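Next up: just one chain, as structure tokens, the form predicted alone.
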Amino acid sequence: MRTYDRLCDRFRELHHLAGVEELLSWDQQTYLPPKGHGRRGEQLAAMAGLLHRRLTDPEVGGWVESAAEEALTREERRNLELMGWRHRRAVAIPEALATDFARAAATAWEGWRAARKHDDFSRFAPHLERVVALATERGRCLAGGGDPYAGLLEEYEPGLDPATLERLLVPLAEGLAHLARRVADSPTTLSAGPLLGDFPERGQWALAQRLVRAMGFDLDGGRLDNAPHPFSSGSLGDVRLTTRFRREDLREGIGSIIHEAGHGLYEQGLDPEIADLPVGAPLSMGLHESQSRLWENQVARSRAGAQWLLGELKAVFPDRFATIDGEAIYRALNVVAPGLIRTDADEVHYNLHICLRWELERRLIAGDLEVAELPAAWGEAMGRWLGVEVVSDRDGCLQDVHWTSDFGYFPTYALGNLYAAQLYAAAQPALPDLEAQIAAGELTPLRDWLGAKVHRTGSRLAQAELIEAVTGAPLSERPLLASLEAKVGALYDLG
């Protein structure tokens, strides 16, 4: 047996153990009894320790060095590169830190849930202090003693450094802020009225099922559940989607389930021959978010997407939508107005929410912002970035679950929007009938195109290589800004 094959066996084992760990986390956020959270934290810490020991085993490092001398295919050499990268990053983190962080994150999740329920940041603050301290230490280890935020960022977007991220996000934010000001000055208004009313959860569940099936999500290889904050997990034949509904506003349920199903399609579309190896895994969280944001924005919020959604809405709520046309749905989905909640945000303001979080989490990790100061800092930043007043912790710094464990994750949402705009622009000439297909609810051609170009590619290419191979250009903020200028400009008569 080649040394390379021994490495592959170890990483397949690690992949399956990580899948068990993921199921424990999914259960915690969906069905775990309230009294089970303490033990779940210990279980997750034990799993983190086991994974860390198996990955940092000195034998693995020796295998990486030996395999580099073997005759390998191009794909195998890429896989070896990724296995070595994962091993080196794990070795940089002491096992005690890995287990402490897993335990703290699990405990923080329950602390966040209770704090959000009671609209009381003080319930979450001690947990957040612990997570920030451990995340900072972890980032410093990953960065070799350098900028801890750089170490954390690379966990989600390998190869991306803070300076490159800034070169993308600063002009993006400037362009979006300028567009938002023009919309605010426009006398034209849009109404979300067609999607507001009284929509029982039972009907919204039926709608969610119809939407994911239309997108091509295999419900025999997945399931839908409710969660305080929507997320997805799993891969191939066991992909778990979660969503949440707002009885008085269909936009919440429509947006969240389409978003999570986009993630799910990526996981179900991986190459099954190599999906349990690093080379077959999803490439980065930015690419992962591109798949959810593309379906949510470029598809569902398009004029053609609104026509598809109208048909699904009529099937579930026939009386309510009998006299409503696709143009009314299109306009309802594209109301541009600043708001408190990131997941409710329109396409113009969404990335401003991300930049706000990007700013604050960098300050937390750098030690320039104390956890106790976060609510006030959040309120000040919301006024500066979006011009709105924060009225509660629940709708302020407690609205997102991510800081229970994930620092460096938020920027991947903005990167996902950039990737999505560029990928969709490439799909349009490749699929000349795309708009008509979407309007008719024929979504398989787009799913299959994404499957061939992104999903089955896995991590055979780095992000920069993949985006240039598919779109013919490096990643840029310009395609997203141009598409929003055209779309929003027409809707709001900006000239």
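Residue positions are given as counts along the sequence shown, with the first one as 1. Remember, predicted model here, so these are calculated numbers, not experimental data.
Another form exists, predicted together with a further copy of the same chain; not displayed. Remarks below refer to it.
A.B. asks: Among His118, Arg202, Lys314, Arg88, which has any heavy atom within 4.5 Å of a further copy of the same chain in the predicted complex?
C.D. replies: It is Arg202.
A.B. asks: Which residue, Leu32, Val60, Leu443, Leu431, has a heavy atom that falls within 4.5 Å of a further copy of the same chain in the predicted complex?
C.D. replies: Residue within 4.5 Å of the partner: Leu32.
A.B. asks: Out of 465-473, 422-430, 40-48, 449-457, where are the residues with a heavy atom within 4.5 Å of a further copy of the same chain in the predicted complex?
C.D. replies: Of the options, only 40-48 has residues within 4.5 Å of the partner.
A.B. asks: Look up in the predicted complex whether Arg240 has a non-hydrogen atom within 4.5 angstroms of a further copy of the same chain, and give yes or no.
C.D. replies: Heavy-atom contact with a further copy of the same chain at 4.5 Å: present for Arg240.
A.B. asks: With a 4.5 Å heavy atom cut-off, would you call Lys487 a contact of a further copy of the same chain in the predicted complex?
C.D. replies: Taking the distances in the predicted complex, the answer for Lys487 is no, it never comes within 4.5 Å of a further copy of the same chain.
A.B. asks: Determine whether any heavy atom of Leu17 comes within 4.5 Å of a heavy atom of a further copy of the same chain in the predicted complex, and answer yes or no.
C.D. replies: Leu17: contacts a further copy of the same chain in the predicted complex.
A.B. asks: Wondering, does Asp218 line up within 4.5 Å of a further copy of the same chain in the predicted complex on heavy atoms?
C.D. replies: Asp218: contacts a further copy of the same chain in the predicted complex.
A.B. asks: Enumerate the residues of 276-291 that have a non-hydrogen atom within 4.5 Å of a further copy of the same chain in the predicted complex, in sequence order, or give none.
C.D. replies: Read in sequence order, the lone residue that approaches a further copy of the same chain (within 4.5 Å, in the predicted complex) is Asp276.
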